[in-house]
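In the structure tokens that follow, the same protein chain appears in two forms, which are kept apart as structure 1 and structure 2.
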Structure 1
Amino acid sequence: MNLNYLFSLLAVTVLFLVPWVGVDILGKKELFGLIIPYFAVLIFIGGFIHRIIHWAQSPVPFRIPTTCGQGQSLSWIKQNKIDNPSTTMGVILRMILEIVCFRSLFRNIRLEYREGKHISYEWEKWLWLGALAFHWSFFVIIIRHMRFFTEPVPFFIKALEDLDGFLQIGLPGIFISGFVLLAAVLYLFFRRIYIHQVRYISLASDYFPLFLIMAIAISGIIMRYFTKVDIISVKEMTMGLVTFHPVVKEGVHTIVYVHLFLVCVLIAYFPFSKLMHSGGIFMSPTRNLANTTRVKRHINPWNYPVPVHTYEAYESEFREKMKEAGLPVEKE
């Protein structure tokens, strides 16, 4: 066993049990239903802003054009305007494609030895596919959950729910995104364990969010399809939170508190973790800067005034001696 994932698994198991004990045995419904969610949201927003502002204080002296295409050059050489942009518009397009399609991951290749010592570069698209499935299904799930936080529920949430549940399998009908998320997160986890190079560089902080998201997905699936909960009471509680009329309802199953608590842990942990790549992607210098290294002059922000001794000053200092020695001078 690897200590990193053992430790994370243990942490998530404990977090899973905390609300069971807290709500079922100690009866602290206000704590788990009201106080912790509010604190988690505050930590999330405050921490996120703090982290971004901290990052914004790092100077980026020069453009880092990690190019994936032909840069701007002579008029008869065709420029790749998205992969090597020289304008803001190009950068915006590159960022959008990076964020919604993960193009950097798509470029992933694997080096392999084939037939003895022949190096070959393999297409490796599984990570990209897994990441895409994971992020998009998570996004859909978050939007879908807004039905618990809005009244009346806006049309786009309803439309997304209908699309997500269009298979109409079982009752309550299955939402595809929930199962895609669980499958994707399991894939990302097993990938980390199975590929030994990836396992070697994986830390507890890599496994912890995976286990946490797994636990959230599993508790959500259990709640919707197996134990069933009184959804009207749940919505009354969640609406109470967002309208600042907090209430605690009796008869809400403990699994709801477990699910809520795990989500609170996730968003409170968010600003301190690798999950901040969601904000960090916007601040990646290799993606968000136009390749204008030659067109514009970029001045290093940490330049300080250096005392220089110009030739003019040098000559003035030694003019007489230079003349005596017969050296040519510029000014007589």
Structure 2
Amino acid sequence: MNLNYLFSLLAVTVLFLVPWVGVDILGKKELFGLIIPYFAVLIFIGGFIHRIIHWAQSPVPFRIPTTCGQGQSLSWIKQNKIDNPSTTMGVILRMILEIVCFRSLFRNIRLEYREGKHISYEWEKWLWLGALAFHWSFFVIIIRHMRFFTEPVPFFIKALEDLDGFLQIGLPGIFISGFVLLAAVLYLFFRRIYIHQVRYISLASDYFPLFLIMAIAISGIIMRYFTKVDIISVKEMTMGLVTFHPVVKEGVHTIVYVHLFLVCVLIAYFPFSKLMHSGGIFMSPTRNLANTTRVKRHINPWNYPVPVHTYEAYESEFREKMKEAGLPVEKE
């Protein structure tokens, strides 16, 4: 039985308790409110740039796009310009659909055995829906939180907040994205536990970001709906961070530091984890290249002159020995 998720759960539990003890008992508010956020951002920027440069330097000697449709061929054969693009515009459209709608995951199927050894293929729609809900709710939450780092708050952030909080039930108003994110990450976790093939190949590094994001969502929900948090003081702290005039305000609830610390851990961990696929998708040669292998000749740009030993030279060098061994030669 794969119990890797227990190690990740224990690690996130410890991370949840560290700022609570550090702020509530040790009083290290400057450490968790000022130093760690700056340190996490520096790690994120450095790690992100390093990964992108490393991928950019990886050789791609020829076109290797994945194709799921008819390529460009004869004029009377209809080309699938999205699944097998041959132009830059087709690649751009394909990338937009992939990033915004997870088009390849939408077409994913799962093999199952039914009634003995009969093979059946089923559309994996729930994984696509769960992944879509997770990524879009995460994106909405990030944009919505930009109100804490901008003054005045841009109009589109206010509009997004109004749309996200249209379900007005009591005070404070409910933001749907927070609960959707929690539900989506719970689904992705239980899917890894329930499907034995996925559970078998899952590592602790697969569970850790799920538990970490889960903890961030739970601490955010607690902070908004169950505790009294001084939002004005929180914004003064965040604005001090982005304007490089950091300040630690008194009276800020400990849950704010817990939430901030978990976010900092996620930011610092991001470039070195599988979460980096959000940046790597733009560097993937299977997605960002047009399929023009039958139209253009592609020469490896990393080719360099190497000494060659032709067969003629080989035979001239070993002709006598080849004759003694009874091997045929072209020239006597």
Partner chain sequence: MQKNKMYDKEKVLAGLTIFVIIVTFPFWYNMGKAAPAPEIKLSDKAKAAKVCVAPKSFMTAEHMQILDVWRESVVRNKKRLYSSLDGKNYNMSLSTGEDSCIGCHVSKADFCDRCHTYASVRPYCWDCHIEPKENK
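Only the largest set of C-alpha atoms that superpose within 1.5 Å between the two forms is called the rigid core. Sequence positions of structure 1, starting at 1, serve as the residue numbers. Nothing here was measured: the structure is a model prediction, and the numbers come from that model.
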Identify which of the two structures, 1 or 2, is the form predicted on its own.
2
Could you tell me which of N303, I232, I142, R107 sits at the hinge, given that one rigid part rotates relative to another between structure 1 and structure 2?
N303
When the larger rigid part is superposed on C-alpha atoms, the smaller part turns between structure 1 and structure 2 by a whole-degree angle of 38
For S316, CA displacement between structure 1 and structure 2 after the core is overlaid, in Å:
10.7
Core-superposed CA shift of P307 between structure 1 and structure 2, in Å, is 3.6
